[in-house]
Structure formats: structure tokens, C-alpha cells
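Let us start with two forms of the same protein chain, each given on its own as C-alpha cells and named structure 1 and structure 2.
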Structure 1
């Protein structure tokens, strides 16, 4: 099973991606994770990619495209893959499509999580981290996971601790706008890549504005 998943930052793509990966038992290949691993291991690829990532820009296609096409040739990908974070622009979409055609590899599903840009931005800015456990979901802009109010204080909705904080990069509006600028660009950006696939295969689109559970339900129904 070969799957692509698209969704803007803040759409819950990571969460849904993990669920899809489990359903099909295929490796979850995330471009951002591969880059970060290379940066922490100080590999030549990591050294080259770091400056672009630090500036919030895309790593150039001549580095990213071969890196991903090589990754898809590794043994664990023989049973399929879930590609997340690639393609991120039209050129990458064209390169991936050409490589798949050449190797006669089918694309089984292309998933798109739709979310309005303003809502996606609010969701990122509303995230709150619990000091006790980072995995306790709290978001001041999402009703289903809103932190609780207790004695006039905002507390973690899971454990009740008072130490909720916002991650600095979640409050960096310029960085969020830059990332979203790339995603919502229908000319050469990520949405251009999504549209490119829409002309070639059936793209499964789900509404990302509802709760995590509801998104999963719609997705599972459409995946069949």
C-alpha cells in the first residue's frame, strides 16, 4: 500500500498519519524527521539542509528529491509506505510521479486534510504544553481539548496541573505564515502538488475542521 498524506501545519496530519500507518502496517516516512536525524548526526546531508530548515525555507529539490526517492528503495518500503511531508511543491510532485511511473509503482491513496488557513494558524497558536506530560492535549482554540478552568486558573485538562505553556515556535507568527505560505500556494507550492495528483489519481479529501475522532472516522470510511 503506497500512500501520500497532505495537510497544513495545524491540521492534525501527524496524528492522522500515525493512525493510517498503523492501519496498513507500512513505514511512516516523514521528510522533516529524516532531515532532523541527519542534522543531529551531523551528516553531510544534514549540514547542507540545516541552514534552509533554520530559516523555515524548503530544502532545495536537488537535495530533497533524491533523498526521498532513495529512501523509498530501502527494504522496509517493499511492503509499501506512507509519505508525509513530501511532495511539498509542484516540482517534487512531478519528480515523484515520474519515478513511480518509471518503476511501475502504483499510488494507492492520496489523502488531503482540508483546513482553512486562519483556523490552522489559530490551532498552532492555541497549543499548550503540560509540564507533567507533553502528550496531554490542550488547545485554547479547540473546544474538545480546551484546558480546564479551576479556581480561576487555566489547568491541564488531563492531569489538572497548572503549568501549561506555549512553545515559542508555536507563537512565531512570521514562521507560521511562511510555512502556510508554502502549503497554501496553488501555483507552485503544496496545494499545487495536491492539484497535480487530483488530475491523475483519486484524492481522498477530509474535513480537518472537526475533532480528531471525527476526522479519523471520515478518513477510515473513505479509505474503506
Structure 2
């Protein structure tokens, strides 16, 4: 089963992607990891990509897409794959689709996690890190994982640690708005890419505003 997954920052895309990966036994492929692997191995494409990255420029699609295709052809992808983080806009969607068609690589499903932009922003800004374990889920804007109150203090809902903090980048509203501006753009951005695929493959849309368990249940039901 070959799948693309989309969702704005704050939608739980990473969590659901990991669940899909585990259930179907397919590799979770992230473009950032592909870049790092090609650069560290000093592949021809990696060397080209590094030159752009070193200059602070975006890596062109004619370098990124061949990297992705090379990864999709590896042995662990023979039973399927879950591609995350690409395409980010309409032009990339068109280029990726053309490349997949040329290589005769099927795309079975596109997963879209829907979430209101303001809710997505609040979720990012509401994340709190536990000093004892950063993996303890705490978010002041999500009822299911909201930190507890104890003796007038906000404490970790898992271990009771009194030291919760917010990551600086989670509070950078300009950066969040910039990323979301690209994602929610229905003309040339990521949602335009999702709409492009809706005309070509089965797109499974799920409501990301509910709890993780509910999102997973809806997703698994639709994937079959």
C-alpha cells in the first residue's frame, strides 16, 4: 500500500503516520531524512542538494524528486510506503505525479487530516514539555492531555512534575503563520496539492479536531 499523508502542523500527522506505518508494516519516509541520508553518504544528488542548502536556498524539485524516487525503489518499500512532508505545493504535486507515472509507481491513497487553522495554531502554542520526560503529552489547549492543577500549580498530567516549559519555536507566531500560510493555500499551496490528488486517486479525509484515538479509528475504518 503506497500512501501520501497530509496535515498542517498541529494536526497530529506524525502520530497518525506512525500508527499507519506500524499497522501496515511499511516504512515512514520523510523528506528531511532523505536529504540527510543523501548528504551524509555524499551521493551525487546529495552533493547537489548540499550546495543549495549551504547557500540557504530551497533544493529544486528536479533534485528532490529523484531522491524520493530512489528511496521508494529500495527493498523495504516493495510492500508499500508512507511518504510524509512532500509535496508542499501544487507544482511539486504535479511534478511528483508525473514522475510516479513515468516510473510506473502506484499511489494507492492520500490521507488528509483536516484541522481548522486557528485550532492548529493553538495546539502548537499549547504544547508543554515535562522536564522529566519530554514524551509526556501535555497541551493546555487539548482537554484530553491538559496538564493537571495541583496546589495552585500546573503540573505534568503523567508524572506530576512541576516544571513544564514551552519550546521557543512553538511560541513563534510569525513562523507558525508562515508555515500555515503555505499549507492552507488552496491556490498554489499544500491544500492545492491535496485537491490535485483528489482528481486522480482516492483521498481519505479525517477530522483532526477530535482525540487521537478517534482520528485513528476513523482513519483505519476508511483505509480498510
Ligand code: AMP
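Only a predicted model underlies this, so the values are computations on that prediction, with no experimental measurement involved. Between two forms, the rigid core is the largest collection of C-alphas that superpose within 1.5 Å. Positions refer to the first chain, counted from 1.
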Lone-chain pair; form predicted together with the ligand identified as structure 1
Given a core-based superposition, decide whether the C-alpha of residue 156 shifts by 2 Å or more between structure 1 and structure 2.
no
Do you see a C-alpha shift of 2 Å or more at residue 166 between structure 1 and structure 2, with the core held fixed?
no
Residue 131 C-alpha moves between structure 1 and structure 2 by 2 Å or more, core aligned:
no
Shift in angstrom of the residue 77 C-alpha between structure 1 and structure 2, rigid core held fixed, comes out at 2.5
How much does the C-alpha of residue 37 move between structure 1 and structure 2, in Å, given a rigid core overlay?
6.3
